[in-house]
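In structure tokens, one chain follows: the form predicted alone.
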Amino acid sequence: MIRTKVMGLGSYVPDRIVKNEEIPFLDEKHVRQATKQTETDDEWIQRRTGIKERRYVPQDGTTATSDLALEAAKRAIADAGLQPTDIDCIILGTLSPDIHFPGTAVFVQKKLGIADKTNCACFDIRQQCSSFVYGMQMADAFVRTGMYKRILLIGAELHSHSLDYSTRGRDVMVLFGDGAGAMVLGPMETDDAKAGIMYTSAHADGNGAMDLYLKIFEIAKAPYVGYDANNRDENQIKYPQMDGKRVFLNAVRGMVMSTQAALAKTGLSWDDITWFVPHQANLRINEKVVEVAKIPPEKVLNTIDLFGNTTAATVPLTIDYWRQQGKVKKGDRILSSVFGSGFTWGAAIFQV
């Protein structure tokens, strides 16, 4: 029987560490000023989110989301013992694409040197914080059917350029960081039903679409950008908007349900799971999920305190970080649960 295995894993975060103490003093170009730009502080941020620091790219116009994706991808490909030209499909999840179109995956393909030698398929998916589980489900189906044999699955985000560095935007602004994570997935022949990717599920409820969103433009309107980006009375539309209470409640509900369903449908218990890796949106959400779903706390892996919310990148970034620390080891079985705007959510059980 053909099943899908994780062949390689890699991640990347920018060098610049932005601690909570610096956040109140950053201007719209995330340059530190002498006076406060935002009414917040370390205690306020940690109490609400559990975040202590995050990473930002340089503010010099030289770094795009595809550059973060590229670094994570190169590390995952090397970890798999492959060359970039061995990849026959790229699936990239992001809510911060390089440009409106074409999709960011083709830029990664070119930067990896694949475009000059092969013409591998490139998919961009827009399930935000749920992107990695959605992408894993796609990759698993592709591998099992024999469609592709070496799939590069990437989650990458560059949030720091699109945040509202002011008291008006602080509820969202303090949450996000820049980073990327990647896996190489491929086939293996085995009769072990618990090997490799064992389970994936993906769900959505469009009733929550406008509880967490970023418009920037509305294609239904002409002109589709109908505001002055430099006018603070008009430009709120260019920043992410969130109904925090509704997102919190639905995130806990969706992640608990998908986690419990994953165990029920596979017949596994927490004795069979090495690590629980939730999406890293807010430590308070993850703590509530662990409490309600009765997840053993010693099996939970978080990186929200170090990297903030890197959206599509959080799952592979968290796994790779703890692998580098010597905690996650080859063959460990992971249950991951995610929730994102849309609303979208899902879960996966797989071995690394």
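The first residue of the shown sequence is 1; numbering continues from there. Not measured: the values here are computed from a predicted model.
What follows is about the form predicted together with oxa(dethia)-CoA (UT7), which we do not show.
Chemist: Residues in which of 39 to 47, 319 to 327, 55 to 63, 295 to 303 have heavy atoms within 4.5 Å of oxa(dethia)-CoA (UT7) in the predicted bound form?
Modeler: Selected stretch: 39 to 47.
Chemist: So, M136 and oxa(dethia)-CoA (UT7): in the predicted bound form, are they within 4.5 Å at any heavy atom pair?
Modeler: The answer is no: M136 has no heavy atom within 4.5 Å of oxa(dethia)-CoA (UT7).
Chemist: Wondering, does L214 line up within 4.5 Å of oxa(dethia)-CoA (UT7) in the predicted bound form on heavy atoms?
Modeler: Taking the distances in the predicted bound form, the answer for L214 is no, it never comes within 4.5 Å of oxa(dethia)-CoA (UT7).
Chemist: Does at least one non-hydrogen atom of C129 fall within 4.5 angstroms of oxa(dethia)-CoA (UT7) in the predicted bound form?
Modeler: C129: contacts oxa(dethia)-CoA (UT7) in the predicted bound form.
Chemist: Is D171 close enough to oxa(dethia)-CoA (UT7) in the predicted bound form to count, meaning some heavy atom within 4.5 Å?
Modeler: Output for D171 is yes: heavy atoms within 4.5 Å of oxa(dethia)-CoA (UT7).
Chemist: Give me the residue from F248, W275, Y239, Y227 that has a heavy atom within 4.5 Å of oxa(dethia)-CoA (UT7) in the predicted bound form.
Modeler: After the contact test, the surviving option is F248.
Chemist: Let me know the one among C89, A105, V184, L175 whose heavy atoms come within 4.5 Å of oxa(dethia)-CoA (UT7) in the predicted bound form, would you?
Modeler: Answer to the contact question: L175.
Chemist: If you apply a 4.5 angstroms heavy atom cut-off, which residues in 275 to 299 are near oxa(dethia)-CoA (UT7) in the predicted bound form?
Modeler: Heavy-atom contacts within 4.5 Å come from H279, A281, N282, R284, I285.
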